[in-house]
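This document contains two forms of one protein chain, each encoded as structure tokens and listed individually as structure 1 and structure 2.
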Structure 1
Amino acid sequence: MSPLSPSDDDGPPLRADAQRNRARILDAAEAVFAELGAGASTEEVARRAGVAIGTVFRHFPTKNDLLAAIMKRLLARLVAEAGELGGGDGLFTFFSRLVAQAAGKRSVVDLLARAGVEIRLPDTVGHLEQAVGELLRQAQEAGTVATAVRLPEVMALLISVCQGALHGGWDAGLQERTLGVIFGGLRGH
């Protein structure tokens, strides 16, 4: 893994054009990887962003760095989303939203799956676990989730169901029924 990518560290601030391009590249990469999976070429990202390929590599020295940067944004968004939920149904809502996203976008899941393997993002992943943990706590307090349920299996289910939704191309009905089974299991009865 390269050292910190520009705009992450505290080095000299980026030039205006560089900031613009960096944002364009991130957006393009997110879209491209969402459509084609993490196997999509860096060239395609550059084309979509409207920059030369060299520019992509200037900002993200390796393809992995680019993936990591996207992953970080995605996770940060999820954490934010989780942070806004709560109460008895927060955890369930979070599950549903994640799955709905996963069914359409390869990136979320393709990347989620890589966390901890090729990409190291312990902090951000930790934050997500923390946020989900809080949702779990609130749900258990409200009595909508059995107290025997622990965080690791909730995370495991979250990842599983995203993977499944992605690969299986679930429609809305199947999503609902599948989650229904899991929610039943979480409730305990």
Structure 2
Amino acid sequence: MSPLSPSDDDGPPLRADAQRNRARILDAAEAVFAELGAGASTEEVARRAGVAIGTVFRHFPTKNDLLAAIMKRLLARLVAEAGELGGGDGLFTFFSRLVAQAAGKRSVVDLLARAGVEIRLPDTVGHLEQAVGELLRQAQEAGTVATAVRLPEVMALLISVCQGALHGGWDAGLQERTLGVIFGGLRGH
């Protein structure tokens, strides 16, 4: 099943109403955890999603399952965003957007870390790496990224910078200055 498909991760495709409920639960959960952090309850998620608590637990038996689904959805969005970009500046645009998003998604990731949730999403991460690889290839063809730059280094930089923005709460100025240093290195000038 595609990482972007609206289904239960381990089961058959969901009925249309179940897909809508799942999407509403995930939307509500993202908002609730962003606003309330680690103290947020699944009851509040259910209330904001307009569903019964049993519906939340049918889709996500534990809070950790719900948080993992949020992270999977966030990664799937990143894959889609990377796929929409291209050309000489696509990699730089993606880098900038991702760092800005990392700085804004602190509460969900912090909650996962506090709960000790280890998310293993190799398929989704693999799709992201492929999309970034395509952006890198296009940037190198356009001459905006040095040909000596390889995908493992780009992924290491992307992950490291996002972790810094995520845990450091970087403001826009720090994001811009840091990305300027990285982009200068990628250009190889």
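All residue numbers here follow the sequence of structure 1, with the first residue given the number 1. Because the structure is predicted, anything quoted here is derived from the model rather than measured. Superpose the two forms; the largest set of C-alphas matching within 1.5 Å is the rigid core.
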Is structure 1 or structure 2 the form predicted together with the DNA? 1
Single out the hinge among 139, 71, 94, 165, thinking of the two rigid parts turning against each other between the two structures. 71
Two-part rigid motion between the two structures - turning angle of the smaller part, in °: 24
Can you give me the Cα shift for residue 59 between the two structures? Core-superposed, in angstrom, one decimal please. 2.9
Could you check how much the CA of residue 45 shifts between the two structures after a rigid core fit, in angstrom? 5.5
